[in-house]
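Only one chain is included here, represented as structure tokens and corresponding to the form predicted alone.
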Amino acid sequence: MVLTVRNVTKAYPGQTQDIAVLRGVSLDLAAGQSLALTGDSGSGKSTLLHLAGALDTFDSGEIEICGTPLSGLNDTRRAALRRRDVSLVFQQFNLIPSLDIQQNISLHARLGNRWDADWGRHLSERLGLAKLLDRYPEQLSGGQQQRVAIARALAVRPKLLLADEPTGNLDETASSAVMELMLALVSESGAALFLVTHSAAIAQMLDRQLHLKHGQTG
């Protein structure tokens, strides 16, 4: 199992009392599977995604990534786990303006000493970026920039890919095309995909759907 979440709770301090965001959430995600998390704004979707990526700490319960419990890890070990096993794609592309597309795609993989030129070339070709590698982010459309972000995330061959509204900045046509490519490449890589979306159409493209309401799944 790539991702295991068991009875996880999370609350944030309020003016008079703590505000519960997650109230005993559980889920499992195996290698090669894709799971869409839906829910209204403020339901805790992004919070759960951040917890699953070891980007924040939870109050109770347990989260395991590839069998490693997160509750016992300090910040250094959590960062090492993220570099080794987890990649993220967000609604904002977060590309580096001063680097060309080739450099943006390979940056994280090179930093982690995990760059595979053949795999990087395959990602670029499949995502329609092969002829754009010497350009800079500002020279690309929104859809193209999101494809670069996906290539960068998959270049490290993660075991778990987390995506938070990855096509939220794209129109419906571009969104569907980008999602189809991402799902195909995730399948090729064998990664597990955990995706947050407000779109029922996007959610239906994944293997499973989970709805979050008032901090609980149903």
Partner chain sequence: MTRAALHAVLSHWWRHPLQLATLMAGLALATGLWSAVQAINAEARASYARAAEQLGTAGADRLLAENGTIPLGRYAALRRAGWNLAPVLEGTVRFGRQSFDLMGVDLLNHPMVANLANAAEQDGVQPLDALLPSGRLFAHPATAIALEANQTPYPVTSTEALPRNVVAADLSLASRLLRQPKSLSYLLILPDQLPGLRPLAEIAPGLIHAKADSASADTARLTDSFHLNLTAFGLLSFAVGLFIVQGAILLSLEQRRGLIRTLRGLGVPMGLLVAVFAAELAFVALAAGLAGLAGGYFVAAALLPGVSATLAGLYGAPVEGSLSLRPVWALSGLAMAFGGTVLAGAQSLFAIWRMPLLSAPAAHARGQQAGRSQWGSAIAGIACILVGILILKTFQGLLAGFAFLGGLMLGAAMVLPLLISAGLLLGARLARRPFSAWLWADTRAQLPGMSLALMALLLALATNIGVGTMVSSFRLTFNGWLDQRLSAEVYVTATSDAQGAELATWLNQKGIRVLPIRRHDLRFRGAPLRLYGVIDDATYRDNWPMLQSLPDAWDQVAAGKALLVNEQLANRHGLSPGAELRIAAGWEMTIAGIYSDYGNPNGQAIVSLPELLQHAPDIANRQFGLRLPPDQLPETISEIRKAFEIPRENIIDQAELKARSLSVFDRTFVITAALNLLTLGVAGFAMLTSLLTLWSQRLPQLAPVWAMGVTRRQLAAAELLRSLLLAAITALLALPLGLVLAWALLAVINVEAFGWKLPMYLFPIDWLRLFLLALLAAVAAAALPALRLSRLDPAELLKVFAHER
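Numbering follows the first chain given and starts at 1. Bear in mind that the values here come from a model prediction, so they are computed numbers and not experimental data.
In what follows, reference is made to the form predicted in complex with its partner chain, a form of this protein that is not presented.
- Using a 4.5 Å cutoff between non-hydrogen atoms, residue 97 counts as a contact of its partner chain in the model of the complex.
- Its partner chain in the model of the complex is approached by residue 111, whose closest heavy atom lies within 4.5 angstroms of it.
- Shown alone here, residue 75 lies within 4.5 Å of its partner chain in the model of the complex, counting heavy atoms only.
- Of the heavy atoms in residue 133, none are within 4.5 Å of its partner chain in the model of the complex.
- Segments offered: 65 to 73, 50 to 58, 34 to 42, 182 to 190. Contacting its partner chain in the model of the complex at heavy atom distances within 4.5 Å is 50 to 58.
- Although its partner chain is omitted here, in the model of the complex none of 157, 195 and 199 has a heavy atom within 4.5 Å of it.
- Heavy atoms closer than or equal to 4.5 Å to its partner chain in the model of the complex belong, across 1 to 27, to no residue whatsoever.
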